[in-house]
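Take a look at this one chain, the form predicted alone, written out in structure tokens.
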């Protein structure tokens, strides 16, 4: 391994945090732009209708994304747009927006309206806020507005977090805060883009895990949500999230505006992280619980130890994953199993975008790994060839004759005790199976 291309993750994060590395703007195209982030968050609500002020292309794409990502059918929800044309781009579409708002309000009298903009209206500078303020108060009070043009480099996550902040500021009812029941209760925020049946199983499993520390779930932020459920969130004692990034803006705002705390533990991926996640929640709620005494935890601990022995202490593990929360989760998972992780394909802009997670987990929490500074498949294949029988964490098999752990986060249960059990079982299968002689690129 070329030592000149390696650096400790902690050193890289520290340099990026201190702005010692010049990093260009880099939109995460895999995660889409701010428009899609905001659109996704508002689409969770059955009593909010979305109106996009702009061309119809972005909105039309929404119809097919669900089928592409997870289901056998297209998104059948209402998708509204002002459908701006060439003349509107030249002369402005403000009157078109006002007409569309009045028509939407008349057609959907029982729903709030979320107005989003896409690139074209941001570029021409339509005064969307002014248009909304010109409307009667009765209609104006039903509207929330976000400027979400993605052309400026704003990421999907900027869109999600700003949408969550807006929900907290405009729609959340703080009057019921502090009225929690004697039983400790939490609001649960799932990870984004997880679908049935994985989502159904994950909800059930996390509820069972929380029961270990005597905690019940008050509300779950899930598709089919509504503003009434949003208000009921104030009855919980704590907010908890499976993904440490998704919903962060909402959790911050609820804490700042209403004093509702939240757990900031790392994602519960693997047994160690799940136990730490539960301990953090228990501490926040003042609960004294012996988590390790639970029968499921004890049994899973034995499974983990057997897998660790099968892997062998100090075995190299190559992790190829660019998304920050998953990357950190996989580093922790590898270390839990006694492996020495080497991270490849790291995008510095992704670290900068999610710096609060990297700062907490790496700089403050001590999670570290070796980073091999290359994104090129040939160089990474060369690295893998130099290592002594490594295990490779990668969504696709680019490495013929090697042990490749292909466990896709989007399509499998990964969180909590059942997620850890499933990942242990799949990794055991990889170790017990002869590696494939074929890869996507090469036959050996």
Partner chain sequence: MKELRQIAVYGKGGIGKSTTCSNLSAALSNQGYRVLQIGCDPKADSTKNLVGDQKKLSVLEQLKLKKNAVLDDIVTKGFANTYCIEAGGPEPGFGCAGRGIITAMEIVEKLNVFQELDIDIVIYDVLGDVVCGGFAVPLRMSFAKEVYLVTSGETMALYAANNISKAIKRFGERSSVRLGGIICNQRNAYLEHEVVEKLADKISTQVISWIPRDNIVQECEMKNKTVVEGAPDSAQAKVYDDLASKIIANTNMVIPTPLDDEGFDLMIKQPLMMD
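What you are looking at is a predicted structure, and each value in this text was computed from that prediction instead of being measured. Numbering follows the first chain given and starts at 1.
Same protein, other form: the form predicted together with the partner chain, not shown, and the subject of what follows.
Undergrad: Where, among 80-88, 272-280, 303-311, 326-334, do residues come within 4.5 Å of the partner chain in the predicted complex by heavy atom distance?
TA: This holds for exactly one stretch, 80-88.
Undergrad: Name the single residue among 144, 238, 124, 355 that comes within 4.5 Å of the partner chain in the predicted complex, judging by heavy atoms.
TA: Spelling it out, the residue with a heavy atom inside the cut-off is 124.
Undergrad: To verify the annotation, which of these, 219, 94, 294, 264, has a non-hydrogen atom within 4.5 Å of the partner chain in the predicted complex?
TA: After the contact test, the surviving option is 94.
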